[in-house]
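Coming up is one lone chain in structure tokens, specifically the form predicted on its own.
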């Protein structure tokens, strides 16, 4: 059993900590967070050891980055770039109740929470967050840094490009593409392709506006994670 550091101490990080406990695959060492007020405290019984750059001192530990929210869903990409860690430092956390088919693949640094489903030949990249009860069906492709929140349903052959964010309960029609760093509002129904760097909401979903600056910045900055899916 290897030690695991969770970068972040907010909601997603806390949910991941519970998943880690349920898997029993890693020894949970603690959270890392750049908020100094949290250092030396505990979050749900898990210690906050210090700032995020401790990943460079605790070299024997695996790492998973669990930050980001609807206002700044590019945070994981920025931290990957900042850390510059080799791929083998990143853990993949899959809750024991997640159903991942033998033909599906999940990349390093990704987290699949409780009761999500990957049905057949689903490709999930690196540093992807898949929240509870999301369903990814046959031949879906989910690129690096995507966030899929709870209750999302993807039809077959959907592609979520790099860094896309899909809000809770959204439905994405089969064969459609959501462009890089675009955001789909909660409860939306996506019936056609969404261009990169836009926010779409409603049923059927329509363009609301351009994405926020952090996401647009990532369109011009490619964070390299490299390596094969595993």
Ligand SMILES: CC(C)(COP(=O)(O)OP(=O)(O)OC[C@H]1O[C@@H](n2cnc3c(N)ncnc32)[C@H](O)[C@@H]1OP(=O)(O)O)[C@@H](O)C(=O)NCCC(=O)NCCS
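Treat the numbers as computed from the prediction; the structure is a model and nothing was measured. Numbering follows the first chain given and starts at 1.
From this point on, the text means the form predicted in complex with the named molecule, which you will not see here.
Interface membership of residue 40, defined by any non-hydrogen atom within 4.5 Å of the named molecule in the predicted complex, is ruled out. Proximity of residue 202 to the named molecule in the predicted complex: non-hydrogen atoms within 4.5 Å are present. Interface membership of residue 70, defined by any non-hydrogen atom within 4.5 Å of the named molecule in the predicted complex, is confirmed.
Within 4.5 Å of any heavy atom of the named molecule in the predicted complex lies no heavy atom of residue 110.
Proximity to the named molecule in the predicted complex holds for all of 149, 167 and 208, with the criterion being a heavy atom within 4.5 Å. Here the chain stands by itself, but in the predicted complex one stretch of 45 to 53, 181 to 189, 58 to 66, 22 to 30, 181 to 189, has heavy atoms within 4.5 Å of the named molecule.
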